[in-house]
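Shown below, as structure tokens, is a lone chain in the form predicted alone; questions about how it binds or moves come after it.
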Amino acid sequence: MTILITGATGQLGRLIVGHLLQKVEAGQVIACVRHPEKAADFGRLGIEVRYGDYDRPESLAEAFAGGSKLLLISSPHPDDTVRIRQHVHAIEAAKQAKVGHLVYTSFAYPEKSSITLTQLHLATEYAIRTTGIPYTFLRSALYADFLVAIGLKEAAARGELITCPGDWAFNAVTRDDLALAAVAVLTGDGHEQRSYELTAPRSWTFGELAQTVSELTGKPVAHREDPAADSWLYRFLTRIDTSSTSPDLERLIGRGATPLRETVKRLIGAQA
């Protein structure tokens, strides 16, 4: 079995490769990357590195040749029109290369959202289904790192978490847990024609977040809502499903998802 990983030098890709090497031999892993020079460390580990650029379809068919399983990590391009074109290039190349199983990193509960990002993922899923290639869709919830953008570190420092008013609840997860789930699918059996909603097992609130920060820092941290805290991020959050939960992630990784406390401790670092 040969496992191909696109975007292998990205944050998620590197985590997946690292966990994958604990399950299979390095010779079974192929890293498909746009900048091979950034994957020199993979080569030293015995991983084959191939050039593959979503914008150069001719490079992808060759990069995917001989792959039993392909993990297609969604493109990070900011323009969704470009992204869907890139995804189609990769899907067509996978079909041309006769890849045996295509695994795609999608977005959790896209049908419940109203942004172009989720429409992009639904369109990509549909395109994959039309190929006839056995597939698995890893529908990931928000990365828990978004907490930094809403002022987690500042809250730890000043003793107050200020957020935009709203009935907020979050199902966010860590990249590491998502990487473990991807590896479980890539190295396991029985995942064909399945979609997994990779979320936390239960949602949490800003009030719980403030209490967690307080426990970790050893000083009171209050939660206060303020309309002035509104930003593009909150407007984005209102248009996606941030609260629905599923047991899929924990079933795949064979343990509990990383607790909020551990996530917050990592994000605020030495302040804890």
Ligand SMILES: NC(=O)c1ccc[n+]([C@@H]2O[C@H](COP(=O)([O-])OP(=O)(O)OC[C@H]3O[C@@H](n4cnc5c(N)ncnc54)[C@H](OP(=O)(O)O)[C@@H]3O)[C@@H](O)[C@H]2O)c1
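Not measured: the values here are computed from a predicted model. Each residue number is its position in the shown sequence, starting from 1.
What comes next is about the form predicted together with the ligand, which does not appear here.
Of the residues given (136, 118, 86, 174), 86 alone sits with a heavy atom within 4.5 Å of the ligand in the model of the complex. The listed set 164, 150, 73, 102 contains one residue whose heavy atoms approach the ligand in the model of the complex to within 4.5 Å, identified as 73.
Contact check for residue 124: no non-hydrogen atom falls within 4.5 Å of the ligand in the model of the complex. Taking the partner from the other structure, the ligand in the model of the complex has no heavy atom within 4.5 Å of any heavy atom of residue 93.
Although the partner is absent from this view, residue 44 stays clear of the ligand in the model of the complex, with no non-hydrogen atom inside 4.5 angstroms. Contact annotation for residue 142: at least one heavy atom lies within 4.5 Å of the ligand in the model of the complex.
Note that among 241 to 249, 48 to 56, 22 to 30, 211 to 219, the stretch whose heavy atoms approach the ligand to within 4.5 Å in the model of the complex is 48 to 56. Not one of 201, 259 and 261 is positioned with any heavy atom within 4.5 Å of the ligand in the model of the complex.
Shown here without the ligand, the chain has 7, 8, 9, 10, 11, 12, 13 in 1 to 18 lying with a heavy atom within 4.5 Å of that partner in the model of the complex.
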